[in-house]
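Shown here is one chain on its own, the form predicted alone, set out as structure tokens.
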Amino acid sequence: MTDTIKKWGMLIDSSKCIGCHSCTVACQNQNELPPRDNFNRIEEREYGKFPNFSRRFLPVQCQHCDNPPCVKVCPVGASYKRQDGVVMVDAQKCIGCKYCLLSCPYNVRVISEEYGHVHKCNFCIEMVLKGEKPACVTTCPMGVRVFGDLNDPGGEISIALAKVSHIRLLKELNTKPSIYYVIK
């Protein structure tokens, strides 16, 4: 048996999200972020018109794109993509030019006021490499997120993706995100 390269991804079912922000707080704690910074935001969206409308919450974070514009524009190579699909920032190389912030169509990067470099969601890679799941996944009381190896056909995320209709945000931009959203 050969080892296959893992490709980390996430499936988000926003219809389950109650907007409690536990994922946001867990992410801030995991990454020791100040309260003003977050890698994981919850957008409130309304659908329909009065009296037939509904409100949904949409968790948005780094989409860990296969074709990441942030990596292409970085003049010093601080933004890079790992072989397992996780888009990272090397804080030692980052010069704080903010090109990556401007190029990201998901608006999910943050510049550290304290250190002057860009940082972002890294899928809690240090936890994932230990066999754990990202903090936003384990903290959610509603089970909104499924995380796993997209290259494992028997894995939880592959099975979940096969069972539901899904989309990727801003598909028309050809960034090829690794985060999928359930359509209901």
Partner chain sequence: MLNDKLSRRSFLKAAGVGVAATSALSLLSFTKWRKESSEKSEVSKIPTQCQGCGANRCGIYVYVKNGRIWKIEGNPKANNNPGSVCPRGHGFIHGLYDIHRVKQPLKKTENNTFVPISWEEAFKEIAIRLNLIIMENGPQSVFWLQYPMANAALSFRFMHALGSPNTASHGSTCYVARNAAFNVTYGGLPYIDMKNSRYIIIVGRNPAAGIRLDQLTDLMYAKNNGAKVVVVDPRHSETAVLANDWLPVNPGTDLALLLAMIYVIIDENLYDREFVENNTVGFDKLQDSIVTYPPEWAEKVCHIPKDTIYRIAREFAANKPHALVHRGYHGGYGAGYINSFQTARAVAIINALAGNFERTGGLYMPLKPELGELKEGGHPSPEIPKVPKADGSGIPGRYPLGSYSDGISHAIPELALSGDLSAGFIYHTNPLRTNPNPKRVITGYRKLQLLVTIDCVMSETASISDYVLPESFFLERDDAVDTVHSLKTGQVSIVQQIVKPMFDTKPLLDILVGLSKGLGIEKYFNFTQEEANALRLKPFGITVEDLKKEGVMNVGEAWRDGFKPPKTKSGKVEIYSEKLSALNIDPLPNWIAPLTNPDPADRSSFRLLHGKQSAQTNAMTFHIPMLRQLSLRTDMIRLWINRSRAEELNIKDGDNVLIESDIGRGVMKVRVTEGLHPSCVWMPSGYGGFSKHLDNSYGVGLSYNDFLPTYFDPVVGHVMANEIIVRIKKV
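Note that the structure is predicted; figures quoted are calculated from it, not measured. Residue numbers count along the first chain shown, from 1.
In what follows, reference is made to the form predicted together with the partner chain, a form of this protein that is not presented.
- The partner is absent here; in the predicted complex, the one residue of V164, C20, I167, L173 having a heavy atom within 4.5 Å of the partner chain is C20.
- For a residue to qualify, one of its non-hydrogen atoms must sit within 4.5 Å of the partner chain in the predicted complex; none of K6, E156 and A160 qualifies.
- Contact between L33 and the partner chain in the predicted complex is found at the 4.5 Å heavy atom cutoff.
- Under a 4.5 angstroms non-hydrogen atom cutoff, the partner chain in the predicted complex lacks L102 among its neighbouring residues.
- The partner chain is not drawn, but in the predicted complex it has no heavy atom within 4.5 Å of Q83.
- At the 4.5 Å threshold, heavy atoms of G131 stay clear of the partner chain in the predicted complex, well away from it.
- Contacts between 32 to 68 and the partner chain, taken as any heavy atom within 4.5 Å in the predicted complex, involve E32, L33, P34, P35, R36, N38, E44, E46, G48, K49, F50, P51, F53, S54, R55, R56, F57.
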